[in-house]
Ligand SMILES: NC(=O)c1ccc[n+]([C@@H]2O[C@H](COP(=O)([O-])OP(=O)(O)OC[C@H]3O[C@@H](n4cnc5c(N)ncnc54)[C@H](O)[C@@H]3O)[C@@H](O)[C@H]2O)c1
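In C-alpha cells, one chain follows: the form predicted on its own.
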Amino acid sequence: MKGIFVGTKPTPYKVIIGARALTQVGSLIAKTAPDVQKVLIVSDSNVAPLYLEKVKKGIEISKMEVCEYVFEAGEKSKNIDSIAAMWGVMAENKFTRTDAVVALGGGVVTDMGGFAAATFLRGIKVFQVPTSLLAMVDAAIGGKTGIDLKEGKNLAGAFWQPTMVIEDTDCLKTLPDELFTEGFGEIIKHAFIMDTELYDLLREIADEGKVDKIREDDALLEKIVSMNVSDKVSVITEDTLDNGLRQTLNYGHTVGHVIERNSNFSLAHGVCVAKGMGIMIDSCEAAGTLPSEEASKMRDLIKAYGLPVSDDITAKEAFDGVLNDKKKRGDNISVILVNKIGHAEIKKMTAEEFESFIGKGKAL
C-alpha cells in the first residue's frame, strides 16, 4: 500500500491507498487515534451491504464500540435531516470529543459523514473511507464537507480535515460501470488544470483502446488513483480554505453544479462536471483564447472515457444558477479557464459577463 502525506495546517494526515485496505480500517484508527472508544460508521444503502460488516468487524476487533447509520443512497439524502439523524445516534450513544465518525462510501457519504463529524460537539474525528473512484480522487480529500439546499449544491458545510483517508482500490472492481466512468470527470479535470503527465497517460490508454481494461490492471488502477490524490494534495496544502489556487479545482463545476441541480440530482456529479468542462471548452474557443486544435483534443479525451461534452442548458440558466454559487464573492464569480492543457487560470467575472461568455460558446 502507498501512503501520501497531506500537510494541511494545523491538521496534517495521510491518505492510504492500496488493495485490501478495508481490512485494516480498525487497526489504522487504533494506531492513529488511540483515544477513540466509539465509532459511528456512516454509509448508504448501496455500499453498506457490500462493506459495512467487514469494516465493523475490523473496528470491533480493535476494541472499539461501533454504531451505524445507513441512509438511502443518492444526492436527495444529502440534507439536514440526515445530518440530524447522525447527530442523534451519536448523542444517544454518548459519543464524546475523543470519538470518531467513519464515512464509508462515495462522495455523498464522505461529504455528509465529514459534516456530521465537523458539527457534533463542535468537531470530532472523521476517517474517510471512500469506495467510489470519484470519492477517492476528489471528495474524500481536502476537508470540504457539506449538504445541499433546494437552492443549490453544497451550500451548507464546513472545512473539516479528516484524521486519515483509507482507500481500498479493490472496491473499484465492484463499482457499477456508470459510477466508475463518472469518476473520470474529476480525473480528466486534474489532467486539464495541472497535470500533463496524467493527460499523456489518459491519452495513451485511450489511444490503445484500453479504457475498458483499466480495472483489470491493479498497478495501473493504483497509479491513476495515486496521481490524482497527489494532484489534489498539492493544491489543498497551499490553499486549505479555497481562497486562491484551490479554486482551480472547480473547473467545470460552476456550470456543472447548475446542470446537476436542474436535473433534480438525477445526473451523476462526474457527468455534470464533464458537461461543464465541455461548455467551458466551447466558451474559451469562442473567445479566441483556446486554440481549436487544443479544444478538440480536450473534447476527444472526455468522450474517450464515455463522458458527455455538451448539455442543453442555456446561458440564462447558467446565469441564474451562479447567483447562488458558493464561489461567488460579492458581485463577482471566480471562473476557472483552461486555455492550455495542464494550466488553469482564475478569471473574475460578473454574472452578466459570465452569461455572455457562456452564450458565445453555446453559439459555436
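Residue positions are given as counts along the sequence shown, with the first one as 1. What you are looking at is a predicted structure, and each value in this text was computed from that prediction instead of being measured.
There is another form of this protein, the form predicted together with the ligand, and it is not shown here; the text below is about that form.
- Site annotation in the predicted bound form: the residue of 292, 96, 266, 174 reaching within 4.5 Å of the ligand with a heavy atom is 174.
- None of 134, 165, 274, 101 but one reaches within 4.5 angstroms of the ligand in the predicted bound form through a heavy atom, and that residue is 134.
- Three-residue candidate spot 75, 78 and 139; every residue lies within 4.5 angstroms of the ligand in the predicted bound form by at least one non-hydrogen atom.
- Of the heavy atoms in residue 179, some are within 4.5 Å of the ligand in the predicted bound form.
- When contacts are judged by a 4.5 Å heavy atom cut-off, residue 30 does not count as touching the ligand in the predicted bound form.
- Residue contact with the ligand in the predicted bound form: residue 114 places no heavy atom within 4.5 Å of it.
- Of the heavy atoms in residue 51, some are within 4.5 Å of the ligand in the predicted bound form.
- Contact with the ligand in the predicted bound form, defined as any heavy atom within 4.5 Å, is confined among 79 to 87, 147 to 155, 116 to 124, 196 to 204 to 147 to 155.
- Taking the ligand as positioned in the predicted bound form, the residues of 38 to 56 that bring a heavy atom within 4.5 Å of it are, in sequence order, 44, 46, 47, 50, 51.
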